[in-house]
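Given next, in structure tokens, is a single chain: the form predicted alone.
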């Protein structure tokens, strides 16, 4: 098991994240940090305090998507069976990794288990609104079987804490680096779990997503909404992450996002963010 953490200019959060990884009851066999061109002393902190952690330094900020693409490719090339990806503001409970691996062991027979996700809370212990699980609620038989194994069947998952099996990468590839940030994990996990692979939420694997506040796509950083919108359009054009009915639902959800975003900000800048996201989602090449 290799843990991959992506960071950019968040030295103190990264220090806590790595300390939590070191304290796991079942430690990762290797920890890799992808440093996206940090300028806040992250490199010196890693060298001084985390000599046991492997660092991949990028001279450019590749975003979360590019960082996970780089780190997962590195771990896959090194031969690891499972790759556990985390944000730098993910604080894992001591048994989070042990619980994920135990979930893989007790997963139902049938489709190969390619993805495992943790329960993601905010700092007050409530579920984080940005990282709620996307479950296969429309498939009662699958839900029933998974619950009997103390799991919940996933349709999509989050890079806040996601374990990916190397066979899934062999078949479906890595995260799309050009997504940069937001909805990159939704697209990647959707692609893995659309048809032939199974993914499960492991409820007893718990992490805290230590964002400044418990935001959602609409209530988060107003400029990052551009990436959420652009990448949703790209994902719909690509067509590999969702079935047609799911794509139609994504259109409805995205339209609702736009309305909520305009109500929240209601100024010309908000409209420019939306128009730019839609334009670039249509124009950007699908890879």
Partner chain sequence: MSVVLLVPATVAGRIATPPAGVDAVVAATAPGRTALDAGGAWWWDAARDAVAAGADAVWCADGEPAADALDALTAPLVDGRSPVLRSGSVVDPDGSLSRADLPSWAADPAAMIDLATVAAAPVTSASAASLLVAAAAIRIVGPPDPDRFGPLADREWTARAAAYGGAVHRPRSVVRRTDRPWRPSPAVAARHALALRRARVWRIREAGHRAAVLGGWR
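Positions refer to the first chain, counted from 1. Keep in mind it's a predicted model, so treat the numbers as computed, not measured.
Unshown form predicted in complex with its partner chain; subsequent notes refer to it.
Engineer: Which residue, 102, 145, 130, 78, has a heavy atom that falls within 4.5 Å of its partner chain in the model of the complex?
Structural biologist: Answer to the contact question: 145.
Engineer: Which listed residue (210, 98, 177, 135) meets the criterion of a heavy atom within 4.5 Å of its partner chain in the model of the complex?
Structural biologist: After the contact test, the surviving option is 135.
Engineer: Have a look at 181-189, 146-154, 161-169, 81-89 and name the one stretch with heavy atoms inside 4.5 Å of its partner chain in the model of the complex.
Structural biologist: Among the listed stretches, the partner-contacting one is 146-154.
Engineer: Does its partner chain come within 4.5 Å of a heavy atom in each of 141, 203 and 249 in the model of the complex?
Structural biologist: Answer is yes for this spot.
Engineer: Could you run down 104-123 and flag each residue that has a heavy atom within 4.5 Å of its partner chain in the model of the complex?
Structural biologist: Only a single residue, 119, comes within 4.5 Å of the partner.
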